[in-house]
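Only one chain is shown below, in structure tokens, and it's the form predicted on its own.
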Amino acid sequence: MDLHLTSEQTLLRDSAVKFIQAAGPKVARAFREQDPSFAPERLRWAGEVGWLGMLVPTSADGLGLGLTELALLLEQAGRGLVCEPIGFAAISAAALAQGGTPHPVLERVMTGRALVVPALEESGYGDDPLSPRTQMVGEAGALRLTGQKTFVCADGADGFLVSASGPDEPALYYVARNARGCSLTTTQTVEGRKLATLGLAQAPADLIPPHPSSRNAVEALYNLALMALSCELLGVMERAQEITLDYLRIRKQFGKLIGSFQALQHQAVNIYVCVEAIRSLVFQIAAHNEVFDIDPAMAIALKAKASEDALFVTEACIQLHGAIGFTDEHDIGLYLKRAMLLSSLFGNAAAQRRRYVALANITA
């Protein structure tokens, strides 16, 4: 799929390419089991160039860009196995700027001096984002949250955007990491970074109002998260494909390049079709949806397809490398592990398909 980009979009993509040149498999491997599992100074650099505020309107000192620009940036982040949570920081900044008066922490988030991440999941089975079990009590100025959130990318986070049910519809709240009643229990992932269970016991919170064009602040952030993860998965798939095709061009077996074997060519074509399908879907959705009004069905379908295909592509790439692909020393395995993490966050392919069936009211 050929993209027709504006000059500004091309500059953004080119700057992202330069950014990931200082990342890559070697850096990602070094950050495994570190605390935090990324370089805070690089997150601040991303804030200085405006990436973390790219979805924030100009009225709140952001760049006021859209989903296509987000997709271009996170596609490159996926290709370079960037450890800094640029996507989560950018969509959280967008959420913090939704109301008429932006949240006080927004400026620090946009500059990378503070990290705020979504905390919307409550189980590993693909929750309905509009039916959180976490409860809000109290009145304006004295809100308290009680509940539990799982699989939170809390590594290095200073605060969380938490979904909770109240007297009316579900709403989004900001909770500081050091707030009273807020606790974290971390778990190591196969990819090397930590996920956390966020416990809330009467934790003080600030209401985040919805954007005028969105149906609900929780749903808007959830759909943005699905979009961001899918864009990064696209980059993971693309780079894994490139590494594998290069290997097929140089590796010899029985005196011939293994890329000349028809069976391997067929698998390479399958990989190419998957990558191009996700690439087309990502940029079509980005071009036809607003930041705060993404079609839920399209966001769900994209995440389901990207999660499934990213695992297929990275697993097939390891198989095409033969025995060396199964060793930790080879970079291709890092792309499978990153795909495993990203595809599971906010619901894997099976969970998203269940959500799609429920949303579309499909019966067997």
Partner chain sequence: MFRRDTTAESHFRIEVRTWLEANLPLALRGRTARPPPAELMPWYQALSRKGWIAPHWPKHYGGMGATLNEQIIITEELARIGAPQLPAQGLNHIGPILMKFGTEAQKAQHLPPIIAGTVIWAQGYSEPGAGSDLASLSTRATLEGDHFIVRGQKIWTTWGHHSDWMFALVRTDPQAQPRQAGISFLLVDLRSPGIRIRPIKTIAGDDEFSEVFFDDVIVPTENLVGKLNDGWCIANALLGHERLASSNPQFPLMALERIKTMARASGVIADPAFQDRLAAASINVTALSALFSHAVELTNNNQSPGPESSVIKIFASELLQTLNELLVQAAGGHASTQNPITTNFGVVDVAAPFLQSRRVTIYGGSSEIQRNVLARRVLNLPS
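Positions refer to the first chain, counted from 1. All figures in this text were calculated on a predicted structure; none of them were measured in a lab.
Missing here is the form predicted in complex with the partner chain; even so, the following discussion is about that form.
**Q** Does each of Leu3, Glu276 and Asp295 have at least one heavy atom within 4.5 Å of the partner chain in the predicted complex?
**A** Verified in the predicted complex; spot residues all in contact, yes.
**Q** Given a 4.5 Å cut-off on heavy atoms, tell me which of 260 to 268, 76 to 84, 186 to 194, 165 to 173 is the interface stretch with the partner chain in the predicted complex.
**A** Within 4.5 Å of the partner lies stretch 260 to 268.
**Q** Using a 4.5 Å heavy atom cut-off, state whether Phe19 contacts the partner chain in the predicted complex.
**A** No, Phe19 sits far enough from the partner chain in the predicted complex that none of its heavy atoms falls within 4.5 Å.
**Q** Might Gln284 be said to contact the partner chain in the predicted complex, defining contact as any heavy atom within 4.5 Å?
**A** Residue-level check for Gln284: yes, a contact with the partner chain.
**Q** Is Leu245 part of the interface with the partner chain in the predicted complex - any heavy atom within 4.5 Å?
**A** Leu245 belongs to the contact set for the partner chain.
**Q** Consider Arg353 of the chain shown here, and say whether it contacts the partner chain in the predicted complex, taking contact as heavy atoms within 4.5 Å.
**A** Although the partner chain is absent here, Arg353 would touch it in the predicted complex, with heavy atoms inside 4.5 Å.
**Q** Among Leu70, Ala304, Leu334, Cys317, which has at least one heavy atom within 4.5 Å of the partner chain in the predicted complex?
**A** None of the others qualify; the residue that does is Ala304.
**Q** Scan Arg113, His288, Arg133, Arg215 and let me know which has any heavy atom within 4.5 Å of the partner chain in the predicted complex.
**A** The residue from Arg113, His288, Arg133, Arg215 that makes the contact is His288.
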